Ligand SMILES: O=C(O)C(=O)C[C@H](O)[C@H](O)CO
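In the block that follows, a single chain appears as structure tokens, in the form predicted on its own.
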Amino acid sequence: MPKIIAARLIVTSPGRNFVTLKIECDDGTTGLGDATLNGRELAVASYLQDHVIPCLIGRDAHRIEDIWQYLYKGAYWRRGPVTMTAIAAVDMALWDIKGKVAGLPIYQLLGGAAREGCLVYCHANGTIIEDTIETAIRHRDEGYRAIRLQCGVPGLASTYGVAKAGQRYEPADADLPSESVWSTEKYLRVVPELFAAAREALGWDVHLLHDVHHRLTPIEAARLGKDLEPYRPFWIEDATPAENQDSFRLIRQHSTTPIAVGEVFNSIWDAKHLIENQLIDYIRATVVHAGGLTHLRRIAALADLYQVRTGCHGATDLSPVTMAAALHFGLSVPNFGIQEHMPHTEETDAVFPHHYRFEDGMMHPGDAPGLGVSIDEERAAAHPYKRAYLPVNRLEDGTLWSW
């Protein structure tokens, strides 16, 4: 058995912050786990360093389920994004070790490939509709079969999902939280226009997606879903905050537009009611924030019973370690739906060399043993941590709103 003899954290910022856990075994095998929680990275780092790593030393790295239960039940204080991200980092690293010892990619340990590759969607955004459409056409020509559309809202200085001129989109953009102004009325006018233009330019063979980002009330979300029905969106994402989960019934009563939710979920209990009552069509929970591969597979198994498919969060706030894990997961589960793909910067890819690849609208994790991702610690050290917060949102009258 490979015995854990050491574990340490690598915090780096090649364009944005990442926290990586590296576990070492007595046979020389190492495993990597992503521990990045956007805007709260050091909280997870402290949780791991001060409370988790001391408990790992001497344990059998093959006992993934037992270690998962130990970290979840043994802490007494269960769930929450910090706890579940820390557990996820350990879980990913242990699966990485198991795959390397077995000489197999992780998806083979999860039952093998259930498909040839994972359908992915990319992002197209612009300050005006025409800019978004131009970007979407370019992505289609690059081979993407599914594209998320976001555009600026006339009358608002900034909008979620839209990059500043000439820059890549990165929401964690300031040393202290920046403040944006929001208007639901102005937003609801422009999104149907965006989708009408996209269908005219792209036709019907490209899937179109949109992220509301928790900003609507249930009846407003229902109105948006109904307005978009003629354009057959693949989904609208996070249409309303999910704390009151029965509110999704109101959306269902008025619209047949598919609903995706859950990138901020961290356990099966966050998703249970929505799945069992068939109030959603896609569950967006991700490997790094929902307890790792071990726990995300449980969520997927529950969702499969109700014909709910997976659609994992995959923005650049998740490191290539999580992207690899998500692709092993997506390749192997029976109810995979789609995987978000927001390519990392060249600096990030240099810090995290990886075997996953994109081709013809799909991604594959590769066949290297384990996750198929490594970390260049020398390059990582050249990019020190930089504090960065996500923005906050206010209505035009100054009321704090969901960002």
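Since this is a predicted model, take the numbers as computed values, not measurements. Numbers for residues come from their place in the sequence shown, where the first is 1.
Same protein, other form: the form predicted together with this ligand, not shown, and the subject of what follows.
None of the heavy atoms of Asp270 is located within 4.5 Å of this ligand in the predicted complex. Taking the partner from elsewhere, Tyr160 is found to have a heavy atom lying within 4.5 Å of this ligand in the predicted complex.
Residue contact check for Arg138: none of its heavy atoms lie within 4.5 Å of this ligand in the predicted complex. Residue contact check for Trp401: none of its heavy atoms lie within 4.5 Å of this ligand in the predicted complex. Picking from 130 to 138, 313 to 321, 273 to 281, 224 to 232 the stretch near this ligand in the predicted complex, with a 4.5 Å limit on heavy atoms, gives 313 to 321. Just one of Arg145, His213, Arg252, Arg189 comes within 4.5 Å of this ligand in the predicted complex, counting any heavy atom, and that one is His213.
Annotated contacts: Glu237, Glu263 and Leu390 all touch this ligand in the predicted complex [non-hydrogen atom within 4.5 angstroms].
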